[in-house]
Each structure stands twice: as structure tokens, then as C-alpha cells.
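In the block that follows, a single chain appears as C-alpha cells, in the form predicted alone.
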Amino acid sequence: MITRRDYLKLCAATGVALAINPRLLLADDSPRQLLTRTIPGTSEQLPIIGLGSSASFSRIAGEGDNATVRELLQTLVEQGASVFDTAPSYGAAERVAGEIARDSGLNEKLFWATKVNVAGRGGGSADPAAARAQIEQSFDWLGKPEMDLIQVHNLGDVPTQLGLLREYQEAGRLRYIGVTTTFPEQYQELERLMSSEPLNFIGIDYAVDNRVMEQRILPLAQERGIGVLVYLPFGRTRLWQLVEGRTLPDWAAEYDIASWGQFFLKFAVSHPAVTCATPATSQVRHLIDNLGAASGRLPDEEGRQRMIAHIESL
């Protein structure tokens, strides 16, 4: 077994070929068959790994590297995945990705999940007109009359902004609505909203070394029939720093894990409440590696506890 860094070094020699045809990593030229989860309350299936657009993705979008953004979106679809998570606050990410998806026709193949928040984090007030303008801008960039998912980002003035999203949903312009937070001081409010509001999705932070969501939020999502998007499955860079220079345990192969990235992602998506994890990346080879976590065997509860114990021993 090898580290992700060593794995990517091995891939580097084929980097040009992978840029042309990412399926060269597969045994044949057929689309990758990814594991899926059902959106609660529906029959719709989503692949359990997608692509986020914060961090390094946002950086390349802001630098004008449209070619790489296009390649990432194309690879996501070609590999059999669909969920793309973005937000107006991620720099140029939503605008650049939306325009590329619109102009290339990928907007019809992606499950597009964006956000709204003109109130800031927490207690600020949202101007309904400004929130509506932000939502309309997202529609314009993507070029579709109907959006898959819009969530209230960081629980910003939920009564105003979630109410507005509900109007869009009732008008048939928005399929799913929800709320997000990755801030511990907002977890109690998130729990309250999940119990009192008819949400389709939540977006939360969850990782093998950050499991507070297992206590109340994830069980409540199962109870209430709410889909869960997982953000920060690598703890931003925290988990990468922890395993730097270390090799995977031999038993990781029992769960078809070929890299540390797949180790972290398979832990997150193996929780039965999780619908999809959306790690951000700016490199196609990272994306392909991440999508490897959506195939093969997922750890059962015994395997999950084994993974936790291993990370805690480092």
C-alpha cells in the first residue's frame, strides 16, 4: 500500500494521457460504476462522491484557469459522478464553473448544488431583494430554468432566505432546499431547524477525526428523511498532515482502499445517513483518486471503528 503522494507520483508519468482520457485508470473504456445513495423521500440516486469548489478549486477559477475547471467538470461526468457543490462566496468558482457547464452542455448532466447567503454567518439580516438577486445570478450562470439544490449557507437569516427558497421550490424552479453549517456554535440551531423545517438536505462537516455529527445530527437526518452532503472530509489539510509520510495499514485493502484520500472518504460515506461527500480539488488526478472511494467495498461498523482506532493511534 502507498501514500497518496506516492500514488500521485506514479500517476505523474501518465499525466498527459490522463488529461486526454481519465478512463485510462479503469480496466476498460466503459463509464465507472459508482456506488449511489437514494435522496431520502425520493427514488433518485446520487453517486456518493462528488466535487466541491472551495479552496484550491476556487483559486484556479479566480486565476482564470478555465481549461482545468472544464477538465474537472468533464472528468466528474465521464467517471460517472454528478454532484457539484459550489457557492457565491467561493470566489469566482460558481461563475466560472456555471458558465463552462452552461456553454458545454454539462449543466444537463450535473447535480448542481449551490447556496444563498447575503446575511453573513449567523445573526445578520438578509435583504430579500439582495437574496433573490443572488439566486437569480446563480440561475443565469448555470443557464437552466430549474436548479437541483440551493441551501442557506452558514444558517444566514434562515427565516428570510429559506422562505425565499421555498417560494422557488413551490414555483417549480428549485428541486431541493436545505441549510448548511461547518461551525460548531451553529450545531444546536441546525438541529432545531432539522426538527422544525421541511428540509431536503443539510451540508455539514464530518471526518474520521471529527465525528460530533454522529451524536445527534446524523441520526436526526435519518429520522427526518433529510439528505446529507459532507464537507471537509479531509479536515481541510488536518488529516493530510497527520498521515504525511505514513503508509496505509495492510487491512485497508479489505475495503478496496488504495490511498489515504479513499480511506478518509470511505469512512465518511460509509455512515448510512450520508448521501454524498464533496471534497474540493483543483487537480484531475486527485478527483479520479477521490472517485475511487465510490467503488468497491465500504467499511461496515466494525471496519469504521478500526479506521477510527488507527487514526487515533497516529
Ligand SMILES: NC(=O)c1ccc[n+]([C@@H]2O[C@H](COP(=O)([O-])OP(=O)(O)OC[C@H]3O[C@@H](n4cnc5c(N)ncnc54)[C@H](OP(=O)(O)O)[C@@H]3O)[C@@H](O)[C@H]2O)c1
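When you see a residue number, it is the position in the sequence shown, counting from 1. Please read these numbers as outputs of a predicted model, since none were measured by experiment.
Only in words, not in the display: the form predicted together with the ligand, which the text now covers.
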item: Answer option from L73, L232, V96, A131, heavy atom within 4.5 Å of the ligand in the predicted bound form; value: L232
item: One residue of S138, T180, S82, N117 in contact with the ligand, assessed in the predicted bound form (non-hydrogen atom, 4.5 angstroms); value: T180
item: S282, heavy atom within 4.5 angstroms of the ligand in the predicted bound form; value: yes
item: Partner contact for S56 in the predicted bound form: the ligand, 4.5 angstroms, heavy atom; value: yes
item: Partner contact for F111 in the predicted bound form: the ligand, 4.5 angstroms, heavy atom; value: no
item: 4.5 angstroms heavy atom contact with the ligand in the predicted bound form for Y90; value: yes
item: Contact stretch among 273 to 281, 34 to 42, 245 to 253, 62 to 70 - heavy atom within 4.5 Å of the ligand in the predicted bound form; value: 273 to 281
item: In the predicted bound form, residues of 282 to 314 near the ligand [heavy atom within 4.5 Å]; value: S282, Q283, H286, D289, N290
